[in-house]
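The chain below stands alone and is given in structure tokens; this is the form predicted on its own.
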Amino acid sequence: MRIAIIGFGSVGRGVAEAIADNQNGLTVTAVADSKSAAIDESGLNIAEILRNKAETGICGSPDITVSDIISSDAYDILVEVSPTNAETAEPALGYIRGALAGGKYVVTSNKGPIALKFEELHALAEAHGVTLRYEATVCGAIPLIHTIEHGIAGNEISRLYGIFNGTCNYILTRMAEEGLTYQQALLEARELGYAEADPTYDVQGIDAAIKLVILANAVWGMKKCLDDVDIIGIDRVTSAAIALAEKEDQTIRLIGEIDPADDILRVSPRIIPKSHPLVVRDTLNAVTIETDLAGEITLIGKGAGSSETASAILSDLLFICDCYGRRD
């Protein structure tokens, strides 16, 4: 199947490389960054595109736009991996709407459109006989959504909770293990590239809350928004509080939780035993799913990073190929 990639940062380049390196029946026929685009219905030379991006900062011609790609017949699946806008979801929302309305499949890592307009986009996909996949929007390389939709299909899920932000987990891990203050651990996370220059979304729990909204709407159809989540971040967690927990063989982690029966969506620092399955180190994510038949299932893995996100996107692409197309 033919792939158009919108957003050619580290994730978009990682997806293009993964497709080019594997004999998976996928061909990249269009790419776009914020300033340029390239289209070739017979397949782009990815090595040349990547070299051009590295040398010039753009991936194609400034005369070609994302709109040219969206309205073209040069692709079967749109991979939308532009930066997240949690307030309006644009411009990604418009790209996804355009592709679905044109009868194209969509795979995205962009949390904005899925958190804000999941119901609308899901209905639009159904109306045009295509599908929308979004595994990469929650917990990176962990196949959480696929597990819920397919691996434990038939189970009733009563509750879901876990660690949804690797940056916060790294900071809390370093505070516990090395006795660092919050500011020292945050500075270290920035130096290692785990935290953004402006870490507000991560440390104040907003990123984790957006992921809860996505899961609440996708798994339970709860029609929630960010304002429905009770959020407390880790920016007020002190090293003294962590040391006190350590004395009791416990520690502190930022836990996101969905309990649909009690209409609970919340993100907050929680004290948990150090032997608990959710006490994972560094940037790992961990999620426990409570079910009626399978009991508790805990998934652990890397929650962010270009290759981990590309892994989730590639999984969605091959799922679409297996279900709706074919691999050559």
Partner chain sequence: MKDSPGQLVAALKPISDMGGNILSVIHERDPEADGGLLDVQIMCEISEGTLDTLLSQYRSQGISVLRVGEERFLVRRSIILIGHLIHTDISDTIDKIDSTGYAEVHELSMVMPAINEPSSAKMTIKSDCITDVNRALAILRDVAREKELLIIESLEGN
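Numbering follows the first chain given and starts at 1. Here the structure is a predicted model, which is why all the values come from computation and not from measurement.
Unshown form predicted in complex with its partner chain; subsequent notes refer to it.
Looking at I272, you'd find a heavy atom of it within 4.5 angstroms of its partner chain in the model of the complex.
By the criterion of a heavy atom within 4.5 Å, E257 is counted among the residues contacting its partner chain in the model of the complex. Remark: R266 counts among the residues lining its partner chain in the model of the complex, judged by a heavy atom distance of 4.5 Å or less. Heavy atoms of A92 never reach within 4.5 Å of its partner chain in the model of the complex, leaving it off the interface. Residues of just one listed stretch (276-284, 26-34, 53-61, 293-301) have heavy atoms within 4.5 Å of its partner chain in the model of the complex: 276-284.
Listed residues A195, V138, V213, V237 were compared with its partner chain in the model of the complex; V237 is the one with a heavy atom within 4.5 Å. Taking a 4.5 Å heavy atom cutoff to its partner chain in the model of the complex, the contact residue among Y161, Y75, Y170, F118 is Y161. The candidate site formed by I232, A245 and I252 is fully in contact with its partner chain in the model of the complex, as each residue has a non-hydrogen atom within 4.5 angstroms of it.
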